[in-house]
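Let's start with one chain on its own, the form predicted alone, as structure tokens.
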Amino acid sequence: MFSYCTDPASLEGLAWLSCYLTNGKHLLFYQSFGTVLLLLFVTAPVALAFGFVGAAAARARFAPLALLAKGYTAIVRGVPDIAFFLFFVIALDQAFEYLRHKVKCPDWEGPIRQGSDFVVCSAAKLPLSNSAQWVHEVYGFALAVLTFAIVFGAFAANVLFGAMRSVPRPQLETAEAYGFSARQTFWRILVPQMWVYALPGLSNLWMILVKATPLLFLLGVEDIVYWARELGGTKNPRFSDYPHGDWRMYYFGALLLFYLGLTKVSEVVLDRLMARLTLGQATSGGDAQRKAPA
């Protein structure tokens, strides 16, 4: 990064530290913070969409659809997250490759499952072996987003289903009395009001999602936990231009501050959103706002 960093062995004090903190691996470490934030801001709406579809399906009058939605939430919520992450990503990746294999290599004669190995033709590999590095990274990140969305979508579905049931029934009956169709009642009365009841549960779910981002390490994504462990471990002069002792405490301390800061910002934003949603609503929050002095 700096011109005087060409010979790290000759550096001392702040000059050494400035070069150490701006070398290539540390730049990847700083970039990994953006990876975590990107995961959160992509996964949250996708998981919410999964949850909304699951909650709406659970209310369906078509019994198989309702049973499928309730089964999805029950199964995913009942399996430990770490077991689901370790199993599901492998299964999902193999499912994609299997479908591509059937389309691109219909004349393949050998078995796909060969003992513990999963063998498909080279054209069906995801991503292709000759793909650029960024393609491999994007594919791994997309698998991570989909896995997070499916897991947390099940929890969001449970929250939204309860919120839909919390909307006072007389309001829905009034809409029906005014001639609203079932679809109009759902979109114009039920959905706008359910968010007041859903937000506390969704807020907790967001905090859990924030705390679950270190699971990216299990999915093969080089996240902040991976780099903190990699950079903080003991480095000797033979294998590193910047030798040092065991500094993992400092790196994981930085992660602690990052997550505490992210949690605090989330609390402030969610509190303001709750205040906005409850304004004028017939809830305890809205009633407190109406009674508050001007």
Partner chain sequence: MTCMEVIADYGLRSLGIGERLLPRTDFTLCQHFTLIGSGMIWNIYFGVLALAAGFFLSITVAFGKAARNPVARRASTWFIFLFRGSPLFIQFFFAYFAFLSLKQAHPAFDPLTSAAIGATLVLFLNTSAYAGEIFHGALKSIPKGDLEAADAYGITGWKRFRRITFPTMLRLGWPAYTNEAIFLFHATALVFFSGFPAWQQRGDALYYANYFADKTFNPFVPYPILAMYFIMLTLAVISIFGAINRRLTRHLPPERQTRLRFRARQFIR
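None of the values given here were measured: they were computed from a predicted structure. Positions refer to the first chain, counted from 1.
Another form exists, predicted in complex with the partner chain; not displayed. Remarks below refer to it.
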(request) Kindly confirm or deny that P214, F217 and G253 each have some heavy atom within 4.5 angstroms of the partner chain in the predicted bound form. (result) yes
(message) Only one of 72-80, 174-182, 99-107, 187-195 has heavy atoms within 4.5 Å of the partner chain in the predicted bound form; I'd like to know which.
(response) 72-80
(request) May I ask you to check whether N158 falls inside a 4.5 Å heavy atom distance of the partner chain in the predicted bound form? (result) yes
(request) Mark R169 yes when one of its heavy atoms lies within 4.5 Å of a heavy atom of the partner chain in the predicted bound form, and no otherwise. (result) no
(request) Considering only heavy atoms, tell me if V268 and the partner chain come within 4.5 Å of each other in the predicted bound form. (result) no
(message) Test of understanding: in the predicted bound form, would L260 fall inside 4.5 Å of the partner chain by heavy atoms?
(response) yes
